[in-house]
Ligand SMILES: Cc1ncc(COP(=O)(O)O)c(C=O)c1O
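A single chain, nothing else alongside it, follows as structure tokens in the form predicted on its own.
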């Protein structure tokens, strides 16, 4: 080795303070929020900032309708409620996603059925989806994980054959395209998150989107206390009648104003993330055993997260993938790289789904429906398990690629090459 690793007492590669915290907050963002306070309207069903944001985002992705919500989770829940799902209905989604993809299904009193992933794109495997469909299946929720669209044509074809709607979980994919169209409005409904870690940050919040007037009417009723949306703006004679069990899933004015300001820079931020990803991919291509993300030619990736797969045998190492992953993670972080794991197991392995009594008795269906024996065997998802055991992220939610200058990528690559050159020594030291 030409240089001592930081984890062994050497000098870290990435200079401190060079990485920028996300989101980037500019003077125009602050001015947008202050304008809300100056106006004095800070909430309401038809408040101006939230209403304008809904229209602007609908226009951005090419959707007819958009509802601003208080989270991406609630947007997914509204999509399911708009379908009138019943206790015991089954919703197919990805075994590899954030927990909200499954929790929204539970919030609608339905049962999540997990499908494995494609090993190259990390998105829902259409072949496995079709194997899981039963008469109880009410919807399919493909997840555009890390900012890469799922195989929508294949999934929609399966759904159409069975008469099942598709709901896009686009919570990590603002601005991503599938066959030259932005995701979110390419199926029956879509959901986005505005969590501060996302490419379009709003602090917290989300979007429900659709092209179907009946679905948006139903979703809006559930969004605002079960009321009829055509009576919300009548200040004098609004009856406040609830027609269904509704929630308060609306957004707020100051986050909406902040999001509107950020939306104007979304394409710029996505372009920066893609450029930084290209730098990393080019710099990693000659390192055997480190596989950069794969992006099919028919779609674009926003790189909300940049995941690399690790193959110890290709590195000439006789070591378990998880041990290699953890070793690399510690060494890279010592070098100053924002390397993280972001999930270590598929969703079905979570303790919640290992309870055999209806998730602790929290839901009406404490016994699995007769159509199948609902079991959540983590071993039934080999591709998701293999991915999470043998991969890590370069960049983090606090320091994502979209927020960094290209210079940071140069240092990251220098650190990766430095650690890679010292792998044999690290393995040997660990065995001592």
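Positions refer to the first chain, counted from 1. Predicted model only: the values in this text are computed from it and were never measured.
The protein also exists as the form predicted together with the named molecule; that form is not presented, and the subsequent description refers to it.
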{"query": "Contact of residue 110 with the named molecule in the predicted bound form (heavy atom, 4.5 Å)", "finding": "no"}
{"query": "Residue 270, heavy atom within 4.5 angstroms of the named molecule in the predicted bound form", "finding": "no"}
{"query": "Proximity of residue 259 to the named molecule in the predicted bound form, heavy atoms at 4.5 Å", "finding": "no"}
{"query": "4.5 Å heavy atom contact, residue 198 and the named molecule in the predicted bound form", "finding": "yes"}
{"query": "Within 4.5 Å of the named molecule in the predicted bound form, all of 97, 171 and 193 (non-hydrogen atom)", "finding": "yes"}
{"query": "Option from 69-77, 332-340, 212-220, 308-316 whose residues, in the predicted bound form, bring a heavy atom within 4.5 Å of the named molecule", "finding": "69-77"}
{"query": "Sole residue of 139, 115, 155, 143 within 4.5 Å of the named molecule in the predicted bound form, by heavy atom", "finding": "143"}
{"query": "Contact residue in the predicted bound form, chosen from 123, 276, 251, 101 - any heavy atom within 4.5 Å of the named molecule", "finding": "101"}
{"query": "Contacts with the named molecule in the predicted bound form, stretch 237-268 (heavy atom within 4.5 Å)", "finding": "none"}
